[in-house]
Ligand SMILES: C[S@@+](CC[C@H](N)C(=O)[O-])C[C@H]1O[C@@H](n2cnc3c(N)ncnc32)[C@H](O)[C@@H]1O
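The chain below stands alone, shown as structure tokens; this is the form predicted on its own.
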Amino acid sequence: MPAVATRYDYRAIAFCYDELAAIYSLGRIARSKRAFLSHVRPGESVLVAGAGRGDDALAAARAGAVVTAVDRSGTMLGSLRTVAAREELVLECVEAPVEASCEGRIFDHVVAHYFLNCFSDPEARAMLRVLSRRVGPGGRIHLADFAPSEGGRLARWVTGVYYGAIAIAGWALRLCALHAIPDLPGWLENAGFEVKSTKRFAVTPGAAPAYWSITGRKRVQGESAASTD
């Protein structure tokens, strides 16, 4: 199934999208989106897919990375361009669907935070394949998203209620498809990546509900898992 993002339109909530996320996640979404920075070095190339207002793209540019931010919403990218100009940061903004942009280009890092959760599972898997083609051998992909529960029945129930309420609200606003929390580490392994790190950001004391940041390293052809760094 092709990865198609054109059915989802964030223009109407561009002005408050990050603020809403900060409220219902108690700031954990912002923290999870910054976690990838520990893997990025000055001069490395970074593609931010579904950049939105671009907090993670701006953070990578401040760290000295060569950043390309892609989003189909000109409204979202307008906010990103304004901040970049004010701080005199140099980055490339591409207003286009992610699946149709940067074809043939290879990056050291691909960042897709809270992007795959827009899609149904088959569409998200297809989009992950698109993104994997933008990562060079030995490069990294970084995903931040809702985390599955850890713990017993109560933790699963709390996570289900919390995630379900947000997912239904997003679906009702035509911002995303309805789906369960995906097994992102498993998806990355199947796409040719070795999971190098996962970090959870619990919303409240305890294991659930939570968000997480995952980094995968793209295996080089012929490389065994034991030989990776």
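All values reported here derive from a predicted model rather than from experimental measurement. The first residue of the sequence shown is number 1, and the count goes up from there.
Below: the form predicted together with the named molecule, not depicted.
Asker: Taking heavy atoms only, is A60 within 4.5 angstroms of the named molecule in the model of the complex?
Answerer: Contact with the named molecule, no.
Asker: Counting only non-hydrogen atoms and a 4.5 angstroms cut-off, does V90 reach the named molecule in the model of the complex?
Answerer: V90 lies outside the contact set for the named molecule.
Asker: Using a 4.5 Å heavy atom cut-off, state whether P97 contacts the named molecule in the model of the complex.
Answerer: Contact check for P97: yes, within 4.5 Å of the named molecule in the model of the complex.
Asker: Determine whether any heavy atom of T159 comes within 4.5 Å of a heavy atom of the named molecule in the model of the complex, and answer yes or no.
Answerer: Result no; T159 lies far from the named molecule in the model of the complex.
Asker: Please determine whether each residue of S132, F193 and G216 possesses a non-hydrogen atom within 4.5 angstroms of the named molecule in the model of the complex.
Answerer: Checking in the model of the complex: none of S132, F193 and G216 is within 4.5 Å of the named molecule.
Asker: Given the stretches 134 to 142, 106 to 114, 82 to 90, 149 to 157, which is the single one in contact with the named molecule in the model of the complex, using a heavy atom cutoff of 4.5 Å?
Answerer: Looking at the partner contacts, the answer comes out as 106 to 114.
Asker: At a 4.5 angstroms cut-off on non-hydrogen atoms, which residues of 28 to 47 are near the named molecule in the model of the complex? List them in order.
Answerer: Stretch hits: a single one, K33.
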